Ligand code: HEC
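Take a look at this one chain, the form predicted alone, written out in structure tokens.
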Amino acid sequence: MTLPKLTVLATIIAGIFLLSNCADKPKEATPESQTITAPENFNREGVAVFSQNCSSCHPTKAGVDNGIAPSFAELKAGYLKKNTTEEAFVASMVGFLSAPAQSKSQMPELFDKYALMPNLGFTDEQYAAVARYIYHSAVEDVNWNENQYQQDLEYLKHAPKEATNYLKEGKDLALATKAVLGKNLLNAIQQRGTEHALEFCNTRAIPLTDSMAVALNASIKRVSDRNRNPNNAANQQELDYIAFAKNELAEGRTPKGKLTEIENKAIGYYPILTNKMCLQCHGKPQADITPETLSMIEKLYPSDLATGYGENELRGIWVIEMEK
């Protein structure tokens, strides 16, 4: 999400032109030298998580219904009804996002229309940043998307870079990719049913992940010790992290990401945990997986190893390779 920059060659040519033809003229500011003022109450973390993850499913324009998730205008209105202060609004939204459940929602009536969202895996601090961003933004204004939101995105592109935390950077890249895959998978389930959504996983999941890797300038892949697609089998280094993550879960702890550095590369490993929606394709045959879906799995993946899971088990891991 960065603006195109002038190439070195173009800069040199421009410099020669200015020296030879405009020596007596005052210098004009170039796009790189212009300062973009931060929007009022700019919330960097909130804007980043919101734009890279939340907006892939929730419409940013009031009045829009994409059939996947309610718009931010609808969400804000629903949560404000029962939480009039900022603190209460944020606490209520964080409580739901950290462990999504219908009983925790301030808008249970929406579950007749939309599926329960999965746990996205962010920290409570990141959820709070998103909640504050929604609270302070006029998302209910039909022009907010074209005006203020675009200003926020523009400033985010130009905001001074912070020192890179590669462990956090890798997790953000994994979650951004997860959001895009999740949106497309949910859309496939809603349009054609679970068994036909497997065709999306079979033909589109890896290419879509690769396209996200190109867009985000990193190597991104999902691997497992119990892979469905042979191309997603974990190597020894990845198996070592999988063993660590499984042990953490067995001890009652949520496994954290791990970073290794090799020469000029930073490689992050992050757990992928199952939720209720995952069990439609990865749960126990007959109990969670319908005969129709199981038949499609056997057809598309004759060497499948990825069934028999329960909720909150390690389905696999994200592996994010970044240039330092």
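If you superpose the two forms and keep the largest set of C-alpha atoms that fall within 1.5 Å, you have the rigid core. These figures come from a predicted structure and were not determined experimentally. Start at 1 and count along the sequence shown; that's the residue number.
The same protein has a further form, the form predicted together with the ligand, not shown here; the description that follows concerns it.
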{"item": "The ligand in the predicted bound form: contacting segment from 200 to 208, 138 to 146, 243 to 251, 164 to 172, heavy atom within 4.5 Å", "value": "200 to 208"}
{"item": "Interface residue in the predicted bound form among L216, L185, V90, L156, criterion: non-hydrogen atom within 4.5 angstroms of the ligand", "value": "L185"}
{"item": "Residue among A62, A69, I267, L294 with a heavy atom within 4.5 Å of the ligand in the predicted bound form", "value": "A69"}
{"item": "I220: touches the ligand in the predicted bound form, heavy atom cutoff 4.5 angstroms", "value": "no"}
{"item": "Exercise: A115 in contact with the ligand in the predicted bound form, heavy atom 4.5 Å", "value": "yes"}
{"item": "Heavy atom of C57 within 4.5 Å of the ligand in the predicted bound form", "value": "yes"}
{"item": "Distance check, V130 to the ligand in the predicted bound form, heavy atom within 4.5 Å", "value": "yes"}
{"item": "C-alpha of G283 off by 2 Å or more between the shown form and the other one on rigid core", "value": "yes"}
